[in-house]
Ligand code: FAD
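Let's start with one chain on its own, the form predicted on its own, as structure tokens.
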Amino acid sequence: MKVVDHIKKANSTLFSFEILPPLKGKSIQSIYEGIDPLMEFAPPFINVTYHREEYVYRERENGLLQKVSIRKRPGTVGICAAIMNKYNIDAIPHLICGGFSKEDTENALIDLQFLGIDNVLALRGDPIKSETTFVPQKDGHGFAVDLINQIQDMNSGQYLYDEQESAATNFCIGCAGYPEKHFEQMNMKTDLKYLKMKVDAGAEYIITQMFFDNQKFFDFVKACRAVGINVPIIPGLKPITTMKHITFLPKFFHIDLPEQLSTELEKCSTNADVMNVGIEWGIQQSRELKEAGVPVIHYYTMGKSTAVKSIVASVF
């Protein structure tokens, strides 16, 4: 079932979460161990992130360096199929621009349609570690809106090469939103302009980047509605669980921690202390969002469900 249909059928706020594919060499069981503890809360769908390849340079026998592509995690197509088969639940793969040509994207979408997966989250993706800015794949997309346009073309039966009559796909497309603005944009006004372009191109719902101040989310929703973005907006939450998160999350995701939260975190001396603060903050955030009537609360688990389970058990 499509995400928007889950939302239309719901009588109250839904719960969903996102998992991280395991590192190369680990079995599918490592994914199930992160999902199993959360299934009692009946999530209507689970998102599966995609991580780009990385490049390393290896010296050859002649002394020259060879650029080698390395994938550290498996792709999302097989993982989504396994999740749907085991749990009878919708799985949503992340599709990104980085590392994919248009042909690669089309082939991935063909595989997804064949497997009965009818939801995708369309993202530009991050630069690889060796790049300071995002560089599109040769004959690939530079922006999420272009990826959305390609998916919509396939939804209309238009493929890259019309060598034969092709059946139209039927994907429900989601996209990303940023309550504190995407760090590459000049200001929130320009960020909302590009978000509206994605919605106008065919994105049917928005999942936000993590945030820790609900007022920023409420202001973001209000600003979206003011510029004519009327699709469901799903808040994304990430509980802080380790000392490392205190500095890593603001730096990597370009977000602020509220003073009240930072004051409590400064008192922590262990990861256990941090997790307790993070869970309590996540509970209060979730309760307020649920009371406000958001369609879904989406949690970023990063493959670890302990903190999210404690939050959801207190809220749903």
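When you see a residue number, it is the position in the sequence shown, counting from 1. Since the structure is predicted, the reported quantities are computational estimates derived from the model, not experimental observations.
One more form of this protein, predicted together with flavin-adenine dinucleotide (FAD), exists but is not displayed; see below.
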| query | finding |
| --- | --- |
| Partner-proximal stretch of 193-201, 242-250, 108-116, 83-91 relative to flavin-adenine dinucleotide (FAD) in the predicted bound form, 4.5 angstroms, heavy atom | 193-201 |
| flavin-adenine dinucleotide (FAD): the contacting residue among Val231, Leu123, Ile128, Cys224 in the predicted bound form [heavy atom, 4.5 Å] | Leu123 |
| Position in contact with flavin-adenine dinucleotide (FAD) when the complex is considered in the predicted bound form, options Gln152, Gln137, Ser166, Thr208, heavy atoms within 4.5 Å | Thr208 |
| Ile79 within 4.5 Å of flavin-adenine dinucleotide (FAD) in the predicted bound form, heavy atoms | no |
| Exercise: Ile96 in contact with flavin-adenine dinucleotide (FAD) in the predicted bound form, heavy atom 4.5 Å | yes |
| flavin-adenine dinucleotide (FAD) contact in the predicted bound form: Phe212, any heavy atom under 4.5 Å | no |
| Exercise: Asp104 in contact with flavin-adenine dinucleotide (FAD) in the predicted bound form, heavy atom 4.5 Å | no |
| Partner contacts for 1-29, taking flavin-adenine dinucleotide (FAD) in the predicted bound form and a 4.5 Å heavy atom cut-off | Glu18 |
